[in-house]
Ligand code: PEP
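Consider the single chain below, provided in structure tokens and representing the form predicted alone.
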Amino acid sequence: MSERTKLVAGNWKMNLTATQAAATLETFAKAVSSRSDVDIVVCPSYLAIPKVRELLRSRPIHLGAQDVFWEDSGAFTGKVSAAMLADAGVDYCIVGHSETRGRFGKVETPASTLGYFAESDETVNLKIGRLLYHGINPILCVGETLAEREQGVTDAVIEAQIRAGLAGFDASELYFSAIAYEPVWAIGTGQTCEPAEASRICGLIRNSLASLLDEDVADQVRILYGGSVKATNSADLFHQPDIDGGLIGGASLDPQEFARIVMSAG
């Protein structure tokens, strides 16, 4: 097994104006300045990307985006393309997050609006294709709902999401991609998957990659855990054998808390 550099990404979701993002980043960057052995990514809202990019120019922190559309241009009102993200200096992009799939651990929108969140394995696949074309590293999110876990179909759900999301790509194209296991029932709920079980699922993901692609690429792709990660549990999670870092949601909005999570990696 190769030694994989830990990767910790902060998903700021629909939070922080450009001014607030800048202040958060300044505090966070100072707190992690000594952690050069961990790859760090921050994923602000689209409108904050230019300001964050400006502040990251002299810092070893990567710029990420939270989503993308699968066409480079056209009559797609409100969408942002991979070409636009590449032009904005984005290095990583989250794809297939449970919230864009309409699979919420904690629903904060009326049930009648859930159809708006219509991501599917097909659209995930299309988005990954455009990101790869423009040299942006995808962070593919997979995970099961509480109902699916209780039905005993967790492994089958995750394997299906991986097969469909990565269908048609050569192994060499995915060498620098990452996959984030985010149990839907743990996102925004305060519940966290037990470290040993999270590691088991991440190992399952790596085995699926080896079967779908090849063992060399499967050994290189970073497998992350996400779902109510905090400074109090991050070390236990990150030091599991099959977990290569984390995709951090709410805790990444607190620069000191996020810094403590990063410092616990590696």
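The numbering used is simple: start at 1 and walk along the sequence shown. Keep in mind the model is a prediction, meaning the values are calculated, not measured.
What comes next is about the form predicted in complex with phosphoenolpyruvate (PEP), which does not appear here.
Enquirer: Considering non-hydrogen atoms and a 4.5 Å limit, which listed residue (Ile136, Ala178, Ala186, Ile162) is close to phosphoenolpyruvate (PEP) in the model of the complex?
Expert: It is Ala186.
Enquirer: Counting only heavy atoms and a 4.5 Å cut-off, does phosphoenolpyruvate (PEP) in the model of the complex sit next to every one of Gln66, Val90 and Lys127?
Expert: The answer is no; none of Gln66, Val90 and Lys127 reaches phosphoenolpyruvate (PEP).
Enquirer: Of these, 222-230, 30-38, 47-55, 201-209, which stretch puts a heavy atom within 4.5 angstroms of phosphoenolpyruvate (PEP) in the model of the complex?
Expert: Result of the contact check: 222-230.
Enquirer: Does any part of Pro255 reach within 4.5 Å of phosphoenolpyruvate (PEP) in the model of the complex? Heavy atoms only, please.
Expert: No.
Enquirer: Relative to phosphoenolpyruvate (PEP) in the model of the complex, which residues of 66-104 have a heavy atom no more than 4.5 Å away?
Expert: Read in sequence order, the residues that approach phosphoenolpyruvate (PEP) (within 4.5 Å, in the model of the complex) are His97, Glu99.
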